[in-house]
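A single chain comes next, written as structure tokens; it is the form predicted alone.
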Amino acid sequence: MTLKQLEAFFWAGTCASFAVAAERLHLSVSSLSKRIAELETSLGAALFDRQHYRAALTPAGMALLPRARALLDEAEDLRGLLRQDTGVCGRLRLGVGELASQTWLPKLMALAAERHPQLVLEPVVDTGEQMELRLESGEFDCAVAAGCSARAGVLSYPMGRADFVWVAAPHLPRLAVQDALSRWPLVTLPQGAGTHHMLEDWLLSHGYVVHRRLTCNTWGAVAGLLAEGIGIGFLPQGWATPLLARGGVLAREDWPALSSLRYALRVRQGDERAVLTALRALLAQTVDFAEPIRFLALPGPWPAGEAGQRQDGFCP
């Protein structure tokens, strides 16, 4: 029995498939299966029932799983005793949304490299719905997404909030909310985004009706369309602040404000690895969704010939 065999068994037993487990360990599926088979031979017991489409843990495998986790944790503690630094080590795949990737993620990566040189963070940008599914399947170790998870097997830890600003291109006439929603499309993220329910609650609470919607799956696309006057909509504070400063868009402060969107770190229930505890501490120091988008905050006027140059009040 070896630690590599136990590691292969543990991930195969906690991920949705051998393929996902193999990817997590940077192995081929055949190499992963070989390690598990060697472990089964050394123990004299089958750990997976392979008679069906998806391999499932046998009673012996279910009994071994928590013991394997404990042995792997103990091995990590022993490595820590011999390291010169006090940081944790390992590899974590972290799911984040687009807004996080453009605001606080770079600071998180820099702080992690400083505090825990042996920790390898692998951020993956995805939507909230997909992050939840990938967390459950074992593709992700954790994810920072809007709201708290409703799934029984996922724990949520509050981790920051994002505020939003209604904006429009400078050349568009300033209309009341319903008049604007009737004249121009509402430019926003698609239904799977964390802002969807927040927007729907806002519309319902104020009795507003949207006549046309234009959805894009990135804030960059939404910001570009709003600055060009294709429609009206809202931006995260991190996007809005530099665009407002440069005159790319104007704030609609006369419109009712949107609610803040609260975020949470989501982890699988029972995953109590020290590396995740260390990550929570790093996130608590770096998560700031109001951090201005860096490339937008660079000095210089709004490019000539773009938003702000038209005076005709575009109306598709």
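In this text, the rigid core denotes the largest set of C-alpha atoms whose superposition between the two forms falls within 1.5 Å. Don't overthink the numbering: it's just position in the shown sequence, from 1. Quick caveat: nothing in here was measured; it's all calculated off a predicted structure.
There is also a form predicted in complex with the DNA; it is not shown, and the following applies to it.
- Exactly one of the stretches 243-251, 258-266, 273-281, 22-30 approaches the DNA in the predicted complex with heavy atoms within 4.5 Å, and it is 22-30.
- Residue contact with the DNA in the predicted complex: residue 69 places no heavy atom within 4.5 Å of it.
- At a distance threshold of 4.5 angstroms between non-hydrogen atoms, residue 55 is in contact with the DNA in the predicted complex.
- Under a 4.5 angstroms non-hydrogen atom cutoff, the DNA in the predicted complex lacks residue 11 among its neighbouring residues.
- With the core held fixed, the Cα of residue 282 is displaced between this form and the one not shown by less than 2 Å.
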